[in-house]
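Here's a solo chain for you in structure tokens, the form predicted on its own.
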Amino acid sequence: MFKKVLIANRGEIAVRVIRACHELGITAVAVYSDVDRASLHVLKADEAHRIGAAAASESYLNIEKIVDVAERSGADAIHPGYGFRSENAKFARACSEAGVKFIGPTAAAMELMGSKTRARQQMEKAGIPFVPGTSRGLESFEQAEQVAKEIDYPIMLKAAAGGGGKGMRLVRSRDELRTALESAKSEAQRSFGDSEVYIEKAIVSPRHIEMQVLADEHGNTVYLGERECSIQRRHQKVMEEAPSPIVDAAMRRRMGEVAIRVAKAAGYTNAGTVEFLVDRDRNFYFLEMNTRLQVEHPVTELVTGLDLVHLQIRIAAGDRLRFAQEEVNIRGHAIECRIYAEDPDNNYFPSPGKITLLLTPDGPGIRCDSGIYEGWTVPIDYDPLLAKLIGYGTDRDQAISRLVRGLDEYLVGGIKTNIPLFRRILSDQDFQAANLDTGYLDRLLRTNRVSRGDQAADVAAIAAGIFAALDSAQPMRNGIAHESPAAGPRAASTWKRASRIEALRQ
């Protein structure tokens, strides 16, 4: 087992990996930029090293600086988390050359699966079902026109090196094709330094379902069940759950077996995720493979009872998987909300600033993976993800009710968050009935319906104003405001009033 691991990341995922290291008796090394000096991951690590200015290009994206810290600190391995350089083959190769183990797949596997066109070519050879389209980049508008005619509109244009919706365009007719192709190539070049774009048939109202896989370095590969990731905004996942409401045992087995074939075709090791699009008839098609730990890994951990970060570290240290496929059991249901520092009333614009009050939920079936604390200032320089709130129950209904309760207990003062969005989703009838696809959230946001969560927030704000007024009218004794006896035994406590008043200020 490793003695010291450097975590090449920040925020909640860095805290998550640090905790796993401590549980395994491993010294955890943090890195930080100037703006992150007081961040939670720095405070929780055993040692921390500055790697540069706030700009990610000068700190968290700087491979040379991170590898240098690993060498100077005596780290045996580097865990990349997700984002930044977590899927960068050059980073994995630099670690290997420095004699530091990269906790993830090999550089060769990353290169193969990192390009969507190369991945499609490899899957074609392996007989993996994927969405009809091209397996190589488009060379001209005329070629795009011909392919689109063959597979029929609507079609999707996608960046070969893409992700997160960058370089992606939905094209409904030939009239839109030329402009969309030029736009997709331009955005792909700006975002990834690679203008290669390919075509896929656009599946109408698909579900986005992914399968977690694990592969050790001794040839053993297993799948750990699926995650429903259809709730997306601008092609970015917002909520995830496990298992998927539409996947039964037989479908899970088929998808899992295909996912293992994908991993083996790529020569894959460590934790990875195979993503599928699923049509209305429950046919599934290979989409891509994410060669890292996913943001949404906690829902899989809760329904399987397995610790994916522990397993990542053990696999990288050379351990064999200690269980077989038939020993993997799915129990209960888990749903995750990604809590962002963003303003839902202002087109989800980032909301940096100081966290003046933080009340976090707990209790049965609640897990909160967080990278924040009261008094910390959220920087503008990075992704605004603050925390992940996960509800777990014996079934989907209980997971939803626990998550609703957890969101009602969650208060982040001083900044805006997207917590109201999740209250709205969880109270929506289509969500509760699991009538989901990748267009679900866009449809919901176009409606004017008010959810139970929004109503509760309004009531809380009104109550806060009333209690504030009552506070100002309380008789003073020895400089302390006292409750009126008429208030009765159910009067709100000072602590509750303070939290409501803070909610009102927001």
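We call the rigid core whatever largest set of C-alpha positions still superposes within 1.5 Å between the two forms. This structure is a prediction, so every number in the text was calculated from the model and none was measured. Start at 1 with the first residue shown and count on from there.
Below, we refer to the form predicted together with a small molecule, which is not included among the displayed structures.
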Considering non-hydrogen atoms and a 4.5 Å limit, which listed residue (Q232, N220, Q325, T117) is close to the small molecule in the predicted bound form? Q232
Since exactly one of E409, E275, D279, D194 fits, which has a heavy atom within 4.5 Å of the small molecule in the predicted bound form? E275
Stretch in contact, per heavy atom within 4.5 angstroms of the small molecule in the predicted bound form, of 251-259, 220-228, 194-202, 78-86: 194-202
4.5 Å heavy atom contact, A265 to the small molecule in the predicted bound form: no
So in the predicted bound form, does any heavy atom of E210 sit within 4.5 Å of the small molecule? no
is_contact(L287, the small molecule) in the predicted bound form, heavy atom dist at most 4.5 Å: yes
Is there a heavy atom of T438 lying 4.5 Å or less from a heavy atom of the small molecule in the predicted bound form? yes
With the partner absent here, would M156, G165 and P206 each sit within 4.5 Å of the small molecule in the predicted bound form, counting heavy atoms only? yes
Examine Y285 after superposing the rigid core and state whether its CA is displaced by 2 Å or more between this form and the one not shown. no
Please check if Y82 moves between this form and the one not shown, taking a CA shift of 2 Å or more relative to the superposed core as movement. no
